[in-house]
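Heads up, what comes next is one protein chain in two forms, each shown on its own as C-alpha coordinates, labelled structure 1 and structure 2.
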Structure 1
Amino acid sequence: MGENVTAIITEIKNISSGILNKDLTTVRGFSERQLEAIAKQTALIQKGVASGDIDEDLREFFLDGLEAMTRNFINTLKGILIVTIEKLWNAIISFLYKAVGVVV
(Lines of atoms letter the chains of each structure in order from A and count residues from 1; the text may use other names and numbers.)
(Lines give C-alpha, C1' and ligand atoms only; values in the text may rest on other atoms or scores of the structure.)
Protein backbone atom coordinates (compact mmCIF):
# COMPACT_ATOMS: atom_id res chain seq x y z
CA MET A 1 0.00 0.00 0.00
CA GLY A 2 1.31 3.41 -0.87
CA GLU A 3 2.11 6.01 1.74
CA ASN A 4 -0.80 8.15 0.56
CA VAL A 5 -3.30 5.29 0.88
CA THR A 6 -2.09 4.53 4.39
CA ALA A 7 -2.44 8.21 5.36
CA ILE A 8 -5.97 8.33 3.94
CA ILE A 9 -6.98 5.17 5.81
CA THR A 10 -5.50 6.55 9.02
CA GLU A 11 -7.37 9.84 8.63
CA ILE A 12 -10.68 8.06 7.91
CA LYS A 13 -10.16 5.96 11.03
CA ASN A 14 -9.39 9.08 13.07
CA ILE A 15 -12.48 10.88 11.76
CA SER A 16 -14.64 7.81 12.45
CA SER A 17 -13.26 7.28 15.93
CA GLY A 18 -13.74 10.92 16.88
CA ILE A 19 -17.38 11.01 15.79
CA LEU A 20 -18.29 7.55 17.06
CA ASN A 21 -16.63 7.99 20.45
CA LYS A 22 -18.39 11.30 21.05
CA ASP A 23 -21.80 10.14 19.84
CA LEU A 24 -21.62 6.73 21.49
CA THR A 25 -20.96 8.46 24.80
CA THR A 26 -24.15 10.45 24.23
CA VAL A 27 -26.07 7.28 23.32
CA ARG A 28 -24.65 5.44 26.32
CA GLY A 29 -25.74 8.18 28.76
CA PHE A 30 -29.19 8.42 27.20
CA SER A 31 -29.63 4.64 27.22
CA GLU A 32 -28.63 4.27 30.85
CA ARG A 33 -31.10 6.95 32.00
CA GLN A 34 -33.94 5.55 29.92
CA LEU A 35 -33.30 1.94 30.90
CA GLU A 36 -33.20 2.92 34.56
CA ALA A 37 -36.58 4.67 34.23
CA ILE A 38 -38.10 1.66 32.44
CA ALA A 39 -36.68 -0.73 35.04
CA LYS A 40 -37.99 1.39 37.95
CA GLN A 41 -41.43 1.58 36.37
CA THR A 42 -41.42 -2.21 35.88
CA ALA A 43 -40.40 -2.79 39.49
CA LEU A 44 -43.20 -0.49 40.72
CA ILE A 45 -45.74 -2.41 38.66
CA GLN A 46 -44.39 -5.75 39.93
CA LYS A 47 -44.69 -4.52 43.50
CA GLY A 48 -48.25 -3.23 42.95
CA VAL A 49 -49.36 -6.46 41.32
CA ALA A 50 -47.78 -8.55 44.08
CA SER A 51 -49.42 -6.49 46.83
CA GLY A 52 -52.79 -6.45 45.10
CA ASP A 53 -52.82 -2.65 44.77
CA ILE A 54 -52.83 -3.07 40.98
CA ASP A 55 -55.69 -5.18 39.63
CA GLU A 56 -55.79 -6.78 36.18
CA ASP A 57 -57.33 -3.75 34.42
CA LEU A 58 -54.85 -1.37 36.00
CA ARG A 59 -52.02 -3.77 35.18
CA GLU A 60 -52.97 -3.60 31.49
CA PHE A 61 -52.93 0.20 31.71
CA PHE A 62 -49.41 0.16 33.18
CA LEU A 63 -48.24 -2.42 30.66
CA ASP A 64 -49.41 -0.13 27.86
CA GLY A 65 -47.34 2.62 29.51
CA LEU A 66 -44.28 0.35 29.61
CA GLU A 67 -44.78 -0.43 25.95
CA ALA A 68 -44.94 3.26 25.11
CA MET A 69 -41.83 4.03 27.18
CA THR A 70 -39.90 1.24 25.47
CA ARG A 71 -41.10 2.23 22.00
CA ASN A 72 -40.09 5.86 22.62
CA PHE A 73 -36.69 4.71 23.89
CA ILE A 74 -36.05 2.59 20.80
CA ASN A 75 -37.29 5.27 18.40
CA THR A 76 -35.08 7.91 20.02
CA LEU A 77 -32.13 5.54 19.92
CA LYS A 78 -32.75 4.91 16.21
CA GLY A 79 -32.87 8.66 15.60
CA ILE A 80 -29.61 9.29 17.43
CA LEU A 81 -27.89 6.48 15.52
CA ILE A 82 -29.18 7.74 12.16
CA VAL A 83 -27.82 11.22 12.95
CA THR A 84 -24.48 9.70 13.99
CA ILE A 85 -24.19 7.71 10.77
CA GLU A 86 -25.10 10.81 8.75
CA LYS A 87 -22.42 12.86 10.56
CA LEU A 88 -19.88 10.11 9.91
CA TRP A 89 -20.77 9.94 6.21
CA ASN A 90 -20.55 13.72 5.81
CA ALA A 91 -17.17 13.90 7.59
CA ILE A 92 -15.63 11.09 5.53
CA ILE A 93 -16.97 12.41 2.23
CA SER A 94 -15.71 15.92 3.06
CA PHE A 95 -12.26 14.53 3.83
CA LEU A 96 -12.19 12.44 0.64
CA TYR A 97 -13.25 15.41 -1.51
CA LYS A 98 -10.55 17.58 0.08
CA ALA A 99 -8.00 14.81 -0.44
CA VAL A 100 -8.86 14.82 -4.14
CA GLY A 101 -8.71 18.63 -4.23
CA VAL A 102 -12.41 19.32 -4.62
CA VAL A 103 -13.77 22.21 -2.57
CA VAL A 104 -17.03 21.29 -0.86
Structure 2
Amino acid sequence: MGENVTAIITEIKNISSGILNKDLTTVRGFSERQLEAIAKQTALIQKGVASGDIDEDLREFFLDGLEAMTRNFINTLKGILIVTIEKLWNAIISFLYKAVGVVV
Protein backbone atom coordinates (compact mmCIF):
# COMPACT_ATOMS: atom_id res chain seq x y z
CA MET A 1 0.00 0.00 0.00
CA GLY A 2 2.81 2.36 1.04
CA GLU A 3 4.76 1.54 -2.12
CA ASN A 4 1.68 2.18 -4.26
CA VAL A 5 1.14 5.57 -2.70
CA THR A 6 4.80 6.46 -3.22
CA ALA A 7 4.62 5.35 -6.85
CA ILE A 8 1.47 7.40 -7.44
CA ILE A 9 3.00 10.49 -5.84
CA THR A 10 6.17 10.06 -7.90
CA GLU A 11 4.18 9.72 -11.10
CA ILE A 12 2.07 12.82 -10.31
CA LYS A 13 5.28 14.76 -9.62
CA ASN A 14 6.73 13.59 -12.94
CA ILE A 15 3.60 14.55 -14.85
CA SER A 16 3.49 17.98 -13.16
CA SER A 17 7.18 18.66 -13.64
CA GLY A 18 7.02 17.75 -17.32
CA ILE A 19 4.15 20.15 -17.99
CA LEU A 20 5.44 22.94 -15.75
CA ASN A 21 9.01 22.83 -17.07
CA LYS A 22 7.83 23.07 -20.66
CA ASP A 23 5.25 25.79 -20.01
CA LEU A 24 7.45 27.87 -17.72
CA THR A 25 10.15 27.94 -20.37
CA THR A 26 7.63 29.45 -22.77
CA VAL A 27 6.40 31.91 -20.13
CA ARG A 28 9.95 32.96 -19.23
CA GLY A 29 10.85 33.62 -22.87
CA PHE A 30 7.63 35.53 -23.47
CA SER A 31 8.03 37.64 -20.32
CA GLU A 32 11.63 38.53 -21.13
CA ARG A 33 10.72 39.54 -24.69
CA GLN A 34 7.77 41.62 -23.53
CA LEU A 35 9.58 43.43 -20.73
CA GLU A 36 12.48 44.26 -23.01
CA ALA A 37 10.17 45.46 -25.79
CA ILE A 38 8.05 47.59 -23.42
CA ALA A 39 11.21 49.12 -21.91
CA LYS A 40 12.58 49.91 -25.39
CA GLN A 41 9.24 51.43 -26.39
CA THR A 42 9.23 53.63 -23.28
CA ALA A 43 12.77 54.85 -24.01
CA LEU A 44 11.87 55.52 -27.66
CA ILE A 45 8.85 57.61 -26.69
CA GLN A 46 10.94 59.58 -24.19
CA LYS A 47 13.49 60.23 -26.94
CA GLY A 48 10.80 61.21 -29.47
CA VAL A 49 9.09 63.61 -27.05
CA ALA A 50 12.42 65.19 -26.09
CA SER A 51 13.43 65.70 -29.74
CA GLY A 52 10.00 67.01 -30.76
CA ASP A 53 9.44 64.13 -33.20
CA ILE A 54 6.45 63.01 -31.12
CA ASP A 55 3.96 65.84 -30.56
CA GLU A 56 1.48 66.25 -27.70
CA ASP A 57 -1.39 64.26 -29.30
CA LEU A 58 0.84 61.38 -30.30
CA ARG A 59 2.51 61.42 -26.90
CA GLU A 60 -0.89 60.75 -25.31
CA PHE A 61 -1.61 58.01 -27.84
CA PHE A 62 1.68 56.22 -27.13
CA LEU A 63 1.40 56.65 -23.35
CA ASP A 64 -2.09 55.11 -23.44
CA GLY A 65 -0.58 52.39 -25.61
CA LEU A 66 2.14 51.63 -23.06
CA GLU A 67 -0.45 51.27 -20.32
CA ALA A 68 -2.75 49.08 -22.40
CA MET A 69 0.04 46.82 -23.67
CA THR A 70 1.37 46.32 -20.14
CA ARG A 71 -2.11 45.44 -18.89
CA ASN A 72 -2.59 42.99 -21.74
CA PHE A 73 0.83 41.46 -21.06
CA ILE A 74 -0.45 40.56 -17.58
CA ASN A 75 -3.74 39.28 -19.02
CA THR A 76 -1.81 37.13 -21.50
CA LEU A 77 0.18 35.62 -18.63
CA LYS A 78 -3.09 34.89 -16.81
CA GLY A 79 -4.49 33.28 -19.96
CA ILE A 80 -1.40 31.09 -20.29
CA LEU A 81 -1.60 30.15 -16.61
CA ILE A 82 -5.19 28.97 -17.06
CA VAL A 83 -4.13 26.72 -19.96
CA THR A 84 -1.31 25.30 -17.83
CA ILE A 85 -3.71 24.60 -14.95
CA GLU A 86 -6.08 22.90 -17.38
CA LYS A 87 -3.27 20.71 -18.75
CA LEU A 88 -2.07 19.84 -15.25
CA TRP A 89 -5.54 18.95 -14.08
CA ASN A 90 -6.40 16.82 -17.10
CA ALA A 91 -3.08 14.97 -17.06
CA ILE A 92 -3.27 14.21 -13.34
CA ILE A 93 -6.94 13.22 -13.33
CA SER A 94 -6.38 11.03 -16.39
CA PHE A 95 -3.53 9.25 -14.60
CA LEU A 96 -5.53 8.84 -11.38
CA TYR A 97 -8.57 7.48 -13.20
CA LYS A 98 -6.41 5.04 -15.14
CA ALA A 99 -4.73 3.98 -11.89
CA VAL A 100 -8.10 2.91 -10.52
CA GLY A 101 -9.16 1.36 -13.82
CA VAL A 102 -11.59 4.02 -15.05
CA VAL A 103 -11.45 5.33 -18.62
CA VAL A 104 -11.84 9.14 -18.68
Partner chain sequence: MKVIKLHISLLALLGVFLLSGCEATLAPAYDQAIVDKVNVNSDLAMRFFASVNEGTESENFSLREPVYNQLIGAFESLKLHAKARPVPDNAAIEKINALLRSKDSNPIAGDYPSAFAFEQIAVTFAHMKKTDREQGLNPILIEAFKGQVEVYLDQAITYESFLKR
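None of these values were measured; they are calculated from a predicted model. Rigid core here is just the name for the largest C-alpha set that superposes within 1.5 Å across the two forms. When a residue number appears, read it as a position in the sequence of structure 1, where counting begins at 1.
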### Task
Working through the pair one at a time, identify the form predicted alone and give its number.
1
### Query
Superposing on the rigid core, does the Cα of residue 35 end up 2 Å or more away between the two structures?
no
### Query
Taking the rigid core as the frame, does residue 79 move its C-alpha by 2 Å or more between the two structures?
no
#### Entry: After fitting the core, residue 53 CA displacement of 2 Å or more between the two structures
yes
### Task
Superpose the two forms on the rigid core, then give the C-alpha shift of residue 62 between the two structures in Å.
2.4
